[in-house]
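First, one chain by itself: the form predicted on its own, in structure tokens.
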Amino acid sequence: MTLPTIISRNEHCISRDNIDDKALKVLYRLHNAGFRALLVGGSVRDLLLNHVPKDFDIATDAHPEQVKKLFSNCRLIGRRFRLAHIFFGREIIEVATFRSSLDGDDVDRVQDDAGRILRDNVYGNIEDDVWRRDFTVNALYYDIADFSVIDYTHAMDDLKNRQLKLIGNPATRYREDPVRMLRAVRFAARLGFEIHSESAKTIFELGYLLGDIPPARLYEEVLKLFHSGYAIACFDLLKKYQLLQYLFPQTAEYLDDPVFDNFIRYSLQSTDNRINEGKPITPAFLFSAMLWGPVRQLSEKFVQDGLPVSIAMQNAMSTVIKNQIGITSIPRRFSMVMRDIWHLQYRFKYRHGHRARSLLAHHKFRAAYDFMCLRNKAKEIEDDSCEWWTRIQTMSSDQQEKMLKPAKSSPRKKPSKKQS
């Protein structure tokens, strides 16, 4: 048995003042009922790094049914992993029972032929549970009984060295759940850590396993990667570890084009800025940006083949979206917005008359306008479109009408009569 390092209260920086009140309530009720109750995972890691945790997850030796008896506001969820969710209004505190790391024929553990865990409800103790965690820095426990931090995996050293290291054999752990490769990228980007050499090397070898992950789950992982406030860093790491091709294969084909690469970067930076400013974001804009290169190129090809521009664009949009949803799901409510954003790009060249007025009044004008300005910034568009459409939005209705009026054309000369 591996003996843990116990970091006593006066040797670490975690204070209960920085722990969510609801999480403390759950910890104390479990503890007072005679169960072990510990904060675990990202919250402990973030508190030690002086970051504000997003969630407070709890590990305990109480089984899910025992947790439910203690909390009337508890709901048990999950088939693959049985969890207790304790509701405080819209806030949820997740409680997981210690899981065993032992292999065996227990009916509560199911793995497929590739080693991926399909269901796992084999309970154990903290000494077992720690080895089921993914990364060392996510395997630290804060014990409410004495306010100590429990470290079985030398995670405190990895925090100090700003290193992300898988627990156990990397190939085995990635095969159990290939999404861990995406989690490695996301944590490294968010924390500014380096992925440990062995954990990183295996990503190149096993990235193809992401092809076995259901599109719905990959969609959620894409949002975690690019809607975390660290989209640029995630993008760079996905490229570095050759994983982007498994999430956006059509996009990966066009990244040699510096204009398209810059456009994606400007789009992701815009998303990061909005998140950091507390502004709303939508998956529709993210997917529109990531897939714009393929849509644009395919549309131009269809035009060269003889199709009218509008039909070529419709066909290109449908083809690219169909190919992408085979990799990551895209809810229809977002794919419809994507189509609007893309389709409106070809209408910004019209600056006069009914076409310009209808574009300005379109319910997706603002999203399409932001998209067009990013294309302008990336030098895909090299005229004054962004400046012109920015200026007209600041004008009064009367001024807009004057600006939208077609320029008067010179009167045509009457043809001269032929002299007989």
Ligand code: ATP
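Quick caveat: nothing in here was measured; it's all calculated off a predicted structure. Start at 1 and count along the sequence shown; that's the residue number.
In what follows, reference is made to the form predicted in complex with adenosine-5'-triphosphate (ATP), a form of this protein that is not presented.
A.B. asks: Considering Q245, S329, S148, N138, which brings a non-hydrogen atom within 4.5 Å of adenosine-5'-triphosphate (ATP) in the predicted bound form?
C.D. replies: Only one option qualifies, and that one is N138.
A.B. asks: So which of R296, R265, H227, R183 gets a non-hydrogen atom within 4.5 Å of adenosine-5'-triphosphate (ATP) in the predicted bound form?
C.D. replies: By the 4.5 Å criterion, the partner-contacting residue is R183.
A.B. asks: State yes or no: in the predicted bound form, is some non-hydrogen atom of K201 no more than 4.5 angstroms from a non-hydrogen atom of adenosine-5'-triphosphate (ATP)?
C.D. replies: Taking the distances in the predicted bound form, the answer for K201 is no, it never comes within 4.5 Å of adenosine-5'-triphosphate (ATP).
A.B. asks: Could you confirm whether K54 comes within 4.5 Å of adenosine-5'-triphosphate (ATP) in the predicted bound form, counting heavy atoms only?
C.D. replies: Because a heavy atom of K54 falls inside 4.5 Å of adenosine-5'-triphosphate (ATP) in the predicted bound form, the answer is yes.
A.B. asks: P64: heavy atom within 4.5 Å of adenosine-5'-triphosphate (ATP) in the predicted bound form?
C.D. replies: No.
A.B. asks: Given that the partner is absent here, does R45 sit within 4.5 Å of adenosine-5'-triphosphate (ATP) in the predicted bound form, heavy atoms only?
C.D. replies: Heavy-atom contact with adenosine-5'-triphosphate (ATP) at 4.5 Å: present for R45.
A.B. asks: Would you point out which of 303-311, 172-180, 265-273, 203-211 contains residues with a non-hydrogen atom within 4.5 Å of adenosine-5'-triphosphate (ATP) in the predicted bound form?
C.D. replies: Of the options given, it is 172-180.
A.B. asks: What I'd like checked is whether R29, R75 and R99 together line adenosine-5'-triphosphate (ATP) in the predicted bound form, meaning each has a non-hydrogen atom within 4.5 Å of it.
C.D. replies: Not a single listed residue reaches adenosine-5'-triphosphate (ATP) in the predicted bound form, so no.
A.B. asks: Along 123-142, which positions have a non-hydrogen atom within 4.5 Å of adenosine-5'-triphosphate (ATP) in the predicted bound form?
C.D. replies: Counting only heavy atoms within 4.5 Å of adenosine-5'-triphosphate (ATP) in the predicted bound form, the contacting residues of 123-142 are R132, R133, D134, N138.
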